[in-house]
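Just the one chain here, the form predicted alone, laid out as C-alpha cells.
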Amino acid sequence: MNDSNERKLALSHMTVAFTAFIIACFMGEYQVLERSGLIESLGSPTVYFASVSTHGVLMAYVLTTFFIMGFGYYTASTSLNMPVWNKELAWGGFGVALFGVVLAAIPLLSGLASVLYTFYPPVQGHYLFYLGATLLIVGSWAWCVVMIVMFYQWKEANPGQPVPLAMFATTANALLWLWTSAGVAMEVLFQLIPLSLGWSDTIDPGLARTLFAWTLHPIVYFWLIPAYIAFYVFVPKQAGAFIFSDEAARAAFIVLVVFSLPIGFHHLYMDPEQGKGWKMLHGIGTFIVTVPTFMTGFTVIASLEIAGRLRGGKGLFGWIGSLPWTNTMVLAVILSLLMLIFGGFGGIVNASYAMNAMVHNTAWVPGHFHLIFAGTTVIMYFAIAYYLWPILCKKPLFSNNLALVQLWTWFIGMTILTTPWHILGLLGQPRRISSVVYNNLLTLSWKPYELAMIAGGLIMLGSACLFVYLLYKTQFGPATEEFNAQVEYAEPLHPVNSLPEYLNDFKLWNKVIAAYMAVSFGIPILQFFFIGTFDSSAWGY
C-alpha cells in the first residue's frame, strides 16, 4: 500500500505537536526562575500568568491533541492495512484545529487570556481564546469520526476476526475523547463564550467547575492511552518478545475508558457545590482506575521478562540486565514505568479525601501532574517519535546514541524538578502564585528546593532542545542510506483467533458509559437548575 498520504498526515500533526512542545518548554523554565525570585528583573505577575496559561494550553491541549491525532491516523492505517478513510475530513479537522490554536494564541500571548489551562470562572479570558479552544476540540472530533468509521469498516470486512489491538485501543481513545470533551464543550459554548462576548452578565461558577470536572481527569487518560498502546504493541516487539496477554490488554483499555470518565469530583473535594455522596462516588471510581494501570504494569513487565529470558537472562532479576537498554523504546518504557510508580502513588494521595485536604492547592499538585504527564506520558511520545519519525520521513534516525542521552536527561531532569515540587507542597507552598513576597523562616526554607527545580528545568530544557534537534536532523539531513523500514506490531504470546464481542467492540460499553455518566453527573448538574441560587443563574440568561 502506498502510504505517502498517511505519512504526510501523521508528520504534519506531529510537527505541530512538537513545535508547541518546545515553545512550552522555554516558558516552563522561565516560570521556575520567576517563582524563585533569583532574578529580580524577571518578576512580573502579568507575564508569569500569561506564560503559565500559554504553557498549559500548549502542553495539555496542543501537544497532546495533535500528537494523538497524527499517531492515531498512522496506527489505524498500518495496523488495519488500509488507507485513512475520508482524507478530506482528516485534513479539514487538522486545519480547523490549527486555526483554533492560532486564534487562541493571540489573546494568550497578549495577556488577555491568563486563565490557566483550567479556565475556571470567575476568571475570564478574551472571547477569541474560547473560540480558538472550541475549534481545536471540533477539529479533533473529525479525527474521532475517522477512527470509529475505520474500526467498523474493518470489522465489516473481517467478520468474527479480532480487531488489531493497536486499533482497538486507538478507537477506545477516540470514544473516550468524544465523551470527555463534551463537558468542557458545554462549559465553553453555553457559559464562557456568552460571558466573554457580553451576552450574559453572570454565570454560575459551580456549574462551570462541575462541567470542567467532567473533562478534567479523563483527559489525562486521553493523553496516556498512546503511551499504553506503545507499551503493549511496540515495546515487546522492540525487546524481542510477545504481548503477554492480548485479552488482558483489551480488558485494561475497556476498564480505563469506562471508569476514567466519572471521577472528576476528586478535584472538587474542597468545593462546596457538590455533596459528599457524589464526591465519594467519584472517589471510588478514581481508585478503580488504578486496576487497569496495575494490569498494564504487570503485562508490560511480564512481556519484558519474556524478552530478557529469551535473550539469555537467568535468575530472579537477571533478565533485566539482558534487555536491550540501547533500544530507545525499551529504555523509555523502563523510565516511564519508574515515573508511573511514583506518580501513581501521588495520585492515590490526591484521590484520598483526607490527604487531598492536606495537599490541595499546594505545590504538590503540579509536582504530581508533571510527573505523570511530562514524565510517564511525554517520554513515551519521545520514544514513539524516535520509532515513527524515520519511517514517516524514509530516513534513518540521525543518532541513536544522542536519543538515549536525551531520554536519560529528560528522566534525570524530571526527577530533580518534581521531587522538590512535592516536598514544597508538603511544606505548604501554595500553587497558582507567581512569587512569594513575604519572607519568614518557612518561606526562606523553600529556597534550596526552588534552586533545585531551576536546575532540573534547565536539564529538561536542554533535553527538549536535543529532541527537536534530532527530529530536525533526521527529517532534513542528507540521507546516507535507503531506509524502508515498516511499523512492526508485537504478536501475542498465545495467538488470539476469536474473541467475545465485549472484548472486540464498544457498543455494549457505550451503553454502560451512558448509564454511568447519567448516574454520576445527572443530579450534580441538574441541581443548578432546580435548586435556587443567589444572584447568578446557571447559564447566566
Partner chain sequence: MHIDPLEKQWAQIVLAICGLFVTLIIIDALFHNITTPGNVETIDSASLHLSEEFAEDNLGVHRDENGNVSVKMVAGRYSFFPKEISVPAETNITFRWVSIDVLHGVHVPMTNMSTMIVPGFVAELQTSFPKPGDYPMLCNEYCGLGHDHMWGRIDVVEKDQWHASKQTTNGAAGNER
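Everything quoted here is computed from the prediction, not taken from an experiment. Positions refer to the first chain, counted from 1.
Here the subject shifts to the form predicted together with the partner chain, a form of this protein not shown in this document.
Heavy atoms within 4.5 Å of the partner chain in the model of the complex belong, among the stretches 438-446, 391-399, 466-474, 192-200, to residues of 438-446.
Contact annotation for the candidate site: Y127, L323 and N510 all lie away from the partner chain in the model of the complex (no heavy atom within 4.5 Å).
Although the partner is absent here, Y152 is not a contact residue: none of its heavy atoms lies within 4.5 angstroms of the partner chain in the model of the complex. Contact check for F528: a heavy atom falls within 4.5 Å of the partner chain in the model of the complex.
Taking the partner from the other structure, the partner chain in the model of the complex has a heavy atom within 4.5 Å of a heavy atom of V123. In the model of the complex, the partner chain sits within 4.5 Å of a heavy atom belonging to G206. Site annotation in the model of the complex: the residue of I148, L426, L337, A455 reaching within 4.5 Å of the partner chain with a heavy atom is L426.
Checked against the partner chain in the model of the complex, the residues Y502, F483, Y489, F26 give one hit for a heavy atom within 4.5 Å, which is Y502. Residues are counted as partner-facing when one of their heavy atoms sits within 4.5 Å of the partner chain in the model of the complex; in 271-303 these are D271, P272, E273, Q274, G275, K276, K279, M280, I284, F287, T290, V291, F294, M295, F298, T299, in sequence order.
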